[in-house]
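Take a look at this single chain, the form predicted alone, given in structure tokens.
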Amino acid sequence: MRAADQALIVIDVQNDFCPGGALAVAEGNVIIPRVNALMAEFPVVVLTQDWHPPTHSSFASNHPGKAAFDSVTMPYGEQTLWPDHCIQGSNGALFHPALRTDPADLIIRKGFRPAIDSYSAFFENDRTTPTGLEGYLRNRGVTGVTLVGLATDYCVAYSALDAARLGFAVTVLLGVCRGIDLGGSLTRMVDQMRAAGVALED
């Protein structure tokens, strides 16, 4: 068992991000056995869950004339448009059936505000609206977090960068993540995590 001040944060291991899903990450399901095993090692376990309304502004379907993976400018900055995914109450939004959820102390749902996307487990994409995760971890006495899940170059990386910015010691287990790699995003975000002091391990 890890020290009492360590938490495992499992990012978005949901049906829509796994093979066959609406926004499938290649081999997204392959990491699940190791994720499940890691849960037994940490005294604090948090799962995150993308949880979008059908009207979400990050969906290409809500922008006439736009296609998935196009970009638009939102009040908070550039936003990639995605296929409809992880819609509240849908099968795609559910955790993958092979993922253990019983060890989770907390499930953080994100992306439920229609007008703003949320990659990070800590903040919406405006980088200021909090999810509440920081306060929970502080109250539990957590000083270090280890992140695994989907996708490396989006929700995992943004969560890791925010955690480092907030002063947590951050480790990302790259072997227990899988990426989308949209236009070189995987290399770019791995480099950003390294530059921010995130420990990158397998």
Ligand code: VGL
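Note that residue numbering begins at 1 and tracks the sequence as displayed. Please read all numbers here as calculations on a predicted model, not as lab measurements.
One more form of this protein should be noted, the form predicted together with the ligand, which is absent from this view; the next part is about it.
For this session: Sort through 166-174, 130-138, 47-55, 33-41 and report the only stretch with a non-hydrogen atom within 4.5 Å of the ligand in the predicted complex.
Result: Result of the contact check: 47-55.
Exercise. With a 4.5 Å heavy atom cut-off, would you call residue 82 a contact of the ligand in the predicted complex?
Worked result: Although the ligand is absent here, residue 82 would touch it in the predicted complex, with heavy atoms inside 4.5 Å.
Exercise. With the cut-off set at 4.5 Å between non-hydrogen atoms, does residue 12 touch the ligand in the predicted complex?
Worked result: Result yes; residue 12 sits at the interface with the ligand in the predicted complex.
Exercise. Contact between residue 151 and the ligand in the predicted complex at 4.5 Å, heavy atoms?
Worked result: Yes, residue 151 sits close enough to the ligand in the predicted complex that at least one of its heavy atoms falls within 4.5 Å.
Exercise. Should residue 147 be counted as a contact of the ligand in the predicted complex, where contact means heavy atoms within 4.5 Å?
Worked result: No, residue 147 sits far enough from the ligand in the predicted complex that none of its heavy atoms falls within 4.5 Å.
Exercise. In sequence order, which positions of 1-26 have a non-hydrogen atom within 4.5 Å of the ligand in the predicted complex?
Worked result: 12, 17, 23 sit within 4.5 Å of the partner.
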